[in-house]
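Before any questions on binding or motion, here is one chain by itself as structure tokens, the form predicted on its own.
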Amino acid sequence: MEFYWESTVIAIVAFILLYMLLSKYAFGPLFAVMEQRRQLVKDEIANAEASRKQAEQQLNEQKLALQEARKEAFEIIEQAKRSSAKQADDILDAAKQESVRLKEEAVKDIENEKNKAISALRSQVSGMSVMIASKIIEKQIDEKSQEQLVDQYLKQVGNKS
């Protein structure tokens, strides 16, 4: 085998020409497309990271809003408990005052009725005493008759009341 240096030079020249043509017409657009693709991937990664951060921020905001809502609900429940306890106490106080008032009225009514009964009894007793005395004076009776007379008048008093 013989070495032909002309063939080698022609192959090297052809390779250099092919490389220059490919660089100008093929590699340039290919590298441009690859650069665009690399930039697109880079932008997508940046967008994904921004979206992740925004989602994380919204999640934190929602957690805070939920905690605030729970706190407000707890405060509303506590306020309702306090209000209902106060209302129950007010109702009990009003009922106690009403029962005391009714009791006092009943005691006054009983006292008035008692006084009326005593007054009526006094007038009847005094009237009866006068009648008994007049009967005793009218007729002298023995002890047994006097007892019967007193019993009769007491029965009359009992029937009138």
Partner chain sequence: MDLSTILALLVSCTVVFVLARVAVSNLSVHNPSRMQNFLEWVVDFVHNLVASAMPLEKAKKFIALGMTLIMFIFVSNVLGLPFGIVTEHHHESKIFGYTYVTDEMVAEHDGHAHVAWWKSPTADIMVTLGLAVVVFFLIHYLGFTQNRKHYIKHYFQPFWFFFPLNLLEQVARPITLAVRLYANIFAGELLIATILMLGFVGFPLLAVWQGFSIFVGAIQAFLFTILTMVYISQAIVHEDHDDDHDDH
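Just so it is clear, the model here is predicted, and its values are computed rather than measured. Numbering follows the first chain given and starts at 1.
The form predicted together with its partner chain is left out here; the points below concern that form.
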According to a 4.5 angstroms non-hydrogen atom cut-off, is I118 in contact with its partner chain in the predicted bound form? no
Partner contact for L30 in the predicted bound form: its partner chain, 4.5 angstroms, heavy atom: yes
Spell out, yes or no, whether the shortest heavy atom distance between K103 and its partner chain in the predicted bound form is within 4.5 Å. no
Hey, in the predicted bound form, is L59 touching its partner chain, heavy atoms inside 4.5 Å? no
Since the chain is shown here on its own, which stretch among 124-132, 94-102, 31-39, 62-70 would lie within 4.5 Å of its partner chain in the predicted bound form, judged by heavy atoms? 31-39
